[in-house]
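There is one chain below, alone, in structure tokens, taken in the form predicted alone.
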Amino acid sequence: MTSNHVVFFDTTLRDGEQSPGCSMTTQEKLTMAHALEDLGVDIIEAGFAMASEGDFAAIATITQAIRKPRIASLARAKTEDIEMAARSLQFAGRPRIHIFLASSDLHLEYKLKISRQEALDLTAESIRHARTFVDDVEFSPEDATRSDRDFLVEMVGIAVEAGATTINMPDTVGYSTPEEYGRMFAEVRERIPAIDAQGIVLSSHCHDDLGLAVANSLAAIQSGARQVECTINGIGERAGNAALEEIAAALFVRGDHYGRSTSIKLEKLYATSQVLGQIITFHPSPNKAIVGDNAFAHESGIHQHGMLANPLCYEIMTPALVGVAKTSLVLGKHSGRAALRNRLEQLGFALDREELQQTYYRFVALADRKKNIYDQDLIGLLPDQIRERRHVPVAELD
């Protein structure tokens, strides 16, 4: 793996599934895992084996069907969790145990009720125990961004000494900013030389409580993170996780800025998003970047005119790049004559300048009263003599 390659760790089936309305059956998880494999995801976090029999079964099933990506199973820094994770991964070609333990004083005092020293001891013990089962162990100091920096560095150092091969520093509650998050990665790398010397992979995992999950993830990548943890459509706890499709698209479209490569097949992003939407109880918001219904839709007359002249005027990527069929020029009250003429010509009606002007007046009046304008509505606006030039049965317009 080159230093400029970013590994995509997808946690749709674990952290994503924890979001309300996102529960999946074992079969649904398997369907999603196949879609993630086709997408080119490097690592799939298939579940939290200790959480339930269903999660254990899903992980075990996925390990037998999915061969290209690594399969990870989450575990707390507890012996029983680690051993359960190991059993769930027994059929995996390339298994990973992902251990997490809180590093912030807030979590240590109120949630775990243990001291800093106890947390450090558990870190070392749990990683060493996991290494008896697998060679690939990831460690996450939970709530890293709200942790005392000296203590975080101490915990990460101990994790590296104990044999962790990937260190993930999560913004568990979506608290950080890009500048802060990037600095954290840079500082940890600087203060623990073994990370670079031993080729330890640093990983980001961001939540979207302040709407900064993707920005924070990209900041981490710029500061040396070579793995990014994310989910399809950005699903996850509370406001969600960093959206895989947004990070992948940003790294490609702004390759001049980031200079990073990935294994993600961008043309499969939209299809993968749709698979998830069909499995869980909701699809992405229409204005969702990359995969939302409106991501490549234009209603403004100024934008539509520019798009007809040259799509680059208002689109920084082609719809085909991410697997969307085509750009959509939506006709509404903000649309202009150029878009109206374009759609009428597609329907087989060529209007001269005066005819277009009169039809446009009627169109604007209709659009002020009606939210959705259909092809039948457009044809209905045309005078009889224009409609007679070409008869289009209603059935052909559906």
Ligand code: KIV
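Quick note: we count residues from 1 along the sequence shown, nothing fancier. Worth saying up front: this structure is predicted, and the values here are computed from it rather than measured.
Another form, the form predicted together with this ligand, is not on view; read the next lines as being about it.
Using a 4.5 Å heavy atom cutoff, none of Lys29, Asn233 and Lys268 lies near this ligand in the predicted bound form. Within 4.5 Å of any heavy atom of this ligand in the predicted bound form lies no heavy atom of Ala92.
For the chain shown alone, Thr145 is not a contact residue for this ligand in the predicted bound form, no non-hydrogen atom being within 4.5 angstroms. Though the partner is left out of this view, Asp15 does reach within 4.5 Å of this ligand in the predicted bound form, counting heavy atoms only. Interface membership of Gln227, defined by any non-hydrogen atom within 4.5 Å of this ligand in the predicted bound form, is ruled out. Residue Asn168 is the only one of Ser126, Asn168, Gln304, Ser273 with a heavy atom lying within 4.5 Å of this ligand in the predicted bound form.
Taking Arg96, Arg260, His298, His207 one by one, only a single residue has any non-hydrogen atom within 4.5 Å of this ligand in the predicted bound form, and it is His207. The stretch among 322-330, 149-157, 135-143, 79-87 whose residues place heavy atoms within 4.5 Å of this ligand in the predicted bound form is 135-143.
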